[in-house]
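In structure tokens, the next block holds one chain alone, the form predicted alone.
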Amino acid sequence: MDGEELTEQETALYDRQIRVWGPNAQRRLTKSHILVSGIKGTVAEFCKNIVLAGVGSVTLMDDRLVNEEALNANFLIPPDENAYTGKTVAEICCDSLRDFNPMVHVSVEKGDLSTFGAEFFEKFDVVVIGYGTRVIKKSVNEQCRKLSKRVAFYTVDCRDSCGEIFVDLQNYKYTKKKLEETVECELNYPSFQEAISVPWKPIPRRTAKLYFAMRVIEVFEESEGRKHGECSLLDRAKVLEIKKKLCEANSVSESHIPDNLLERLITGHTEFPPACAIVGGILAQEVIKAVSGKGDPLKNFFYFDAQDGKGVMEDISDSFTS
């Protein structure tokens, strides 16, 4: 990504942001290739932001046909039914994103992520999994880690007015300003599997309850063979049963995960657009940091809950047990 200089057209279009993060950072952005899977409200916000920022290319994956549910919080899909009949979510969103910034190459890839091997992901610098199952998240993260090049890996999940972002930058080196000098920094990230396998007991009590609640929902959906979001209040008893088992296995009190939070997550099928804007904006900001190599990146979870308006970063790793 460090080969070519910015063209005159790129320099003119991105002039204001070049003044913020410099020409080298913008050059890295314009040479970056990003894969995005699962395009609902939060991911739509993310895509809009990175396309406007001027990344090199965005490849979209979402083979769902556009229906009324897909319209929820996704402003990339026009409300005119005649415009999207018979088309997939990725195809419609692709057309909209091209209009945002014609200088960014936006394309569609069809297929099931779980069937692609590591060589497919090698084409990208960043992989973002939106609204994926636990199996998909683990599988794709493992494929990215097999590669000789470092591929930044992200997952994002929004339910009701709550959002979660996970980041794996593997061994990541970057620079930041400290007083009048630029300092070199290095961070080591756990994989998704490692991060969700940390025993709960040593994790500080102040840690966001959403971390634990999301793990319960993931286990429920996986054990019941459900797709992302295929749950309702009718599943409350089963979800609470799984919560109890997980808390017992981890030797923590069931009060660790409030019942009302779990109820919100299993019944909140309608995304809350303001929460989408915030979580999608944070995700775009983090991807821009990772690609440009500038600024402290998030490590390794971010949570937002519109009920209290708080966004918190949680570093969940096996350092708690060592």
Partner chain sequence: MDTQHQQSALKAAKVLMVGAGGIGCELLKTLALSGFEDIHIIDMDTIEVSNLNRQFLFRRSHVGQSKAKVARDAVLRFRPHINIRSYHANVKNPEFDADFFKQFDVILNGLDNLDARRHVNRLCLAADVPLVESGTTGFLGQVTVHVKGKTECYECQTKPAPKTYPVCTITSTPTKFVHCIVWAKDLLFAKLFGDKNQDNDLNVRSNNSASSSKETEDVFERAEDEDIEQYGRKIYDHVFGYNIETALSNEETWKNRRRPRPIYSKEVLPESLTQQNGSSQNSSVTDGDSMISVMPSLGLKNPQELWGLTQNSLVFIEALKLFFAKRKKEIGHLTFDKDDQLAVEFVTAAANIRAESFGIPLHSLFEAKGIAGNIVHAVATTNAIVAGLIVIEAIKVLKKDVDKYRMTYCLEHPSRKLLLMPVQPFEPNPSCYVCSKTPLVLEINTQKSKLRDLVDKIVKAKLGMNLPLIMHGASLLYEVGDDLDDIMVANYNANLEKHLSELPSPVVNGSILTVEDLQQELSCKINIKHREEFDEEKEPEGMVLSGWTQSPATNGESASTSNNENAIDATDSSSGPEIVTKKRRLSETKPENHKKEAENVESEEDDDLVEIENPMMVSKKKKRVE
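All of these numbers come straight from a predicted model, not from anything done at the bench. Positions refer to the first chain, counted from 1.
Below: the form predicted together with the partner chain, not depicted.
Candidate site formed by 190, 199 and 216: none of these residues places a non-hydrogen atom within 4.5 angstroms of the partner chain in the predicted complex.
Remark: residue 49 counts among the residues lining the partner chain in the predicted complex, judged by a heavy atom distance of 4.5 Å or less. Remark: residue 71 counts among the residues lining the partner chain in the predicted complex, judged by a heavy atom distance of 4.5 Å or less. Not displayed here, the partner chain is approached by residue 45 to within 4.5 Å at the level of heavy atoms in the predicted complex. Using a 4.5 Å cutoff between non-hydrogen atoms, residue 293 does not count as a contact of the partner chain in the predicted complex. Distance criterion of 4.5 Å from any heavy atom to the partner chain in the predicted complex singles out 206 from the list 149, 123, 206, 105. Residues from 11-37 that approach the partner chain in the predicted complex with a non-hydrogen atom closer than or equal to 4.5 Å are 11, 12, 13, 14, 15, 16, 17, 18, 19, 20, 21, 23, in the order they occur in the chain.
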